[in-house]
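To begin, one chain is listed below as structure tokens, in the form predicted alone.
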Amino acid sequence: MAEFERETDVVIAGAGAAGLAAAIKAADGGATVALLEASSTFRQGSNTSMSTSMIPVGGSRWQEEIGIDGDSPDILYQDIMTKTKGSADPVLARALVDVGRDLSEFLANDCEVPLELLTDAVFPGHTHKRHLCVHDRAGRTLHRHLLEAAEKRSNITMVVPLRLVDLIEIDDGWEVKAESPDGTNQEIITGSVVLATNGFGANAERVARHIPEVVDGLYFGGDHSLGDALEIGERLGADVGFLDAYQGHGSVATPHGVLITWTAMMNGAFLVNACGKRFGDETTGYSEFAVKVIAQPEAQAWMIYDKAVHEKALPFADYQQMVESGGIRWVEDVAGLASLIGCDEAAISATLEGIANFGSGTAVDPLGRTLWPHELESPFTAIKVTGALFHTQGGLRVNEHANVLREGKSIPGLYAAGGAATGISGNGASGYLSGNGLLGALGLGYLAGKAIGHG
């Protein structure tokens, strides 16, 4: 092969959580970093900025500070394996749960992200309150702190908009081919590459091919999640996996386009269809509920709850946006609920009566729900919601250092993180645990940056 002069130690494609974590960790280890981002609107339109900032960490100091001492990486690992019915990649799952405590300290200390422990609820599949987040539970706040941390490192050069379109293997590194929106091409010689361009949720053809069950649902993710890393990796002969895996969500308010936190569900809210009838156990998980909602008439459902649940949801910035927009209307009785939904009063009355009986223990929910924290009291609200695809959870197979694999062996100098890599959610939607997306993004980004920067 021809000899090339290296221009930077690492090129990182994608400035979401994964790319930023990789850039900061590599830079702190002494590497020079070129951080490329394809979208000029990534600060508002990336999957990181659209998230709720929640990162599951087992056995963190934040848990210890409030007396939660029974959690650990081992328990989080078991929760992942239980939720995925043993189908998650065990090497990757083990690596991510084990790096959690170091990752959280890196975020808090090195990146100056003001993390706190979310105590509003235990989310489906988790056995402990373990999610770390920023105060307003807004991914855009987390993203802003990571960007500010990257901007403080003089050995990180960020270029926006510039899209990585291809990679060529050369002696001791890579020739990166990149393209700007006006068609201008650039070539960069580097020792390592981190693909952190997310998954393929915005690629309709890929979604139809790999996860057809959600093709008719709303897409609620970044518009540049086009599968770039997957296509580049496939051209290089990289191993891929879990392409049917994704995170869905069953409670995006419509037509507002605002996520209504599943914290509401875990504190007593429930879903009904246009006929006023429930159609599943809402506490099994918000990801698998996407297709359940999509299967209802007009792909819509109604989330019903009271003021006590409302108070639990208020800390979330997205929910506050819904409140401020006037999207929550309160009614005093069952007749008002029926009017909001447009259903028969007798039907919603029977649903509420059944829920009261399930909560009191005088009846068993035939749909299997056992968590009814309190008896709902008027006033009530009903919010129209739809099911959505948030992001894909399959991609390039990586090892415990975030190295991309080819025929089971690592490709020297090539890494993937976040939606560009396989996740730890097994197959389909039902294996997704709350926070798995950010754990995979930040965790693999951190591990890649550590390997590149030798830090």
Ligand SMILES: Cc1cc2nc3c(=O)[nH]c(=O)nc-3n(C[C@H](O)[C@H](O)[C@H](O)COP(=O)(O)OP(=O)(O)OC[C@H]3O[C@@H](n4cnc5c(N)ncnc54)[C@H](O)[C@@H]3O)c2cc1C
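In case it trips you up, residue 1 is the first one in the sequence shown, and so on. In this text, all values refer to a predicted model and were calculated from it rather than measured experimentally.
We do not show the form predicted in complex with the named molecule, though everything after this point is about it.
- Residue-level contacts in the predicted bound form: of A196, L96, A290, I80, one residue has a heavy atom within 4.5 Å of the named molecule, and it is A196.
- A heavy atom within 4.5 Å of the named molecule in the predicted bound form is found for exactly one of L405, A34, A31, A38: A38.
- Site residues L76, G394 and N427 are none of them in contact with the named molecule in the predicted bound form, judged by any heavy atom within 4.5 Å.
- Contact check for L259: a non-hydrogen atom falls within 4.5 Å of the named molecule in the predicted bound form.
- Contact between L164 and the named molecule in the predicted bound form is found at the 4.5 Å heavy atom cutoff.
- In the predicted bound form, at least one heavy atom of A417 sits within 4.5 Å of a heavy atom of the named molecule.
- By the criterion of a heavy atom within 4.5 Å, A15 is counted among the residues contacting the named molecule in the predicted bound form.
- Comment: 196 to 204 is the region of 377 to 385, 196 to 204, 349 to 357, 97 to 105 lying near the named molecule in the predicted bound form, near meaning a non-hydrogen atom within 4.5 Å.
- Interface residues of 423 to 440, taken as those with a heavy atom within 4.5 Å of the named molecule in the predicted bound form (partner not displayed): Y432, G435, N436, G437, L438, L439, in sequence order.
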